[in-house]
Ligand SMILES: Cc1cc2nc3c(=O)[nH]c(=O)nc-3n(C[C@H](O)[C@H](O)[C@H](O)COP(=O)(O)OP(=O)(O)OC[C@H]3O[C@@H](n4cnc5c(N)ncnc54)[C@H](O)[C@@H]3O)c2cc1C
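Before any questions on how it binds or moves, here is one chain, the form predicted alone, in structure tokens.
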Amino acid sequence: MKTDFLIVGQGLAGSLLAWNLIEAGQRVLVVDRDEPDTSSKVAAGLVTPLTGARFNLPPGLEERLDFARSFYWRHEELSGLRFFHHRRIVRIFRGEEEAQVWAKRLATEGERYARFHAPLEIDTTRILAPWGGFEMREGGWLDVPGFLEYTRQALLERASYAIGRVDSHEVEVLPSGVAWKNVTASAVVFCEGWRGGQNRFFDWIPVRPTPGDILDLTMPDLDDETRILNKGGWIIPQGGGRFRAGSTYRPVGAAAEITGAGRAEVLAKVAGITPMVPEVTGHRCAIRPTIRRSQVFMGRHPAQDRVAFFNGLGSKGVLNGPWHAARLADHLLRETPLPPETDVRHHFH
């Protein structure tokens, strides 16, 4: 089989890149392990414009947010499905220090922050906010499993999807491209999530496997709440009194197995947000690919132009992923320079 690009992995990174290449008229073959509990399939899919305890607004946020929403909405129109759920986020302060940081942000950068916040309106008998908070605008969540399944079906219709395990040692680099089993392509792009650090071409990139837990809950007394609740953990309404809650960050290298400790940690986060007592209806654990400072790494191998990498989207992947995937596709097709901080060649020593 001949194709233009062999993409290894159909998580969020691989799916976003595949769409960008297909829309540019390229042929792709996406090979995926088809595992049930990958980090993309378990991920919350949160879009949180203001991040961390210091409520940072990263450079380029507005452009990347608008780009992401345009991408997801375009595919909703194409498919007739709904993936992206625009929701305000109730951002609850975890202490007096956070409240003071927020007040300072508004005093010094109020004009830029105006797009992203509104006054907090809550029922204090159902949501715990002793230090106050605000409503974060422009947020939401992506149904990542739904988007991945839609992408898989679209790839199948194009004969561009296969279930399999691509061992990097089985990939042969040729002068004119790459070969794997009966497949030849002009280039291969590895989008393997936490396994990216085990790849023979990219084992020098510091991909750290970090397991985490997410719970499915029912809380009938909160069934009319449509906003995402965030305070050290998060609760995402799914409708009908159903919620998803998370998450944990277990030590690097810990097993991705369901444990009572993982369940208890998520429930403790929920208890810090609402006094409503939840019923646990599901518990999932998956391994995240964590790279230092949540850094995206992408681009061509330093010595092998036919071999590329796309990884490290992390917790901001739903927001930043479409923009990065478009940059990488342009780079692979037209040699457009990548942002230096993301280019794997820039980090090679």
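Just so you know, these numbers come straight off a predicted model, no measurement behind them. When you see a residue number, it is the position in the sequence shown, counting from 1.
Omitted here: the form predicted together with the named molecule. The next part is about that form.
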Exercise for the section: Evaluate Pro237 for contact with the named molecule in the predicted complex, applying a 4.5 angstroms cut-off between non-hydrogen atoms, and reply yes or no. Expected result: no
Handout entry: Heavy atom of Cys191 within 4.5 Å of the named molecule in the predicted complex
Key = yes
Problem - Exercise: Pro278 in contact with the named molecule in the predicted complex, heavy atom 4.5 Å - result: no
Problem - Pro302, heavy atom within 4.5 angstroms of the named molecule in the predicted complex - result: no
Handout entry: Stretch in contact, per heavy atom within 4.5 angstroms of the named molecule in the predicted complex, of 126 to 134, 80 to 88, 160 to 168, 110 to 118
Key = 160 to 168
Problem - Contact set, 7 to 25 vs the named molecule in the predicted complex - heavy atom within 4.5 angstroms - result: Val8, Gly9, Gln10, Gly11, Leu12, Ala13, Gly14
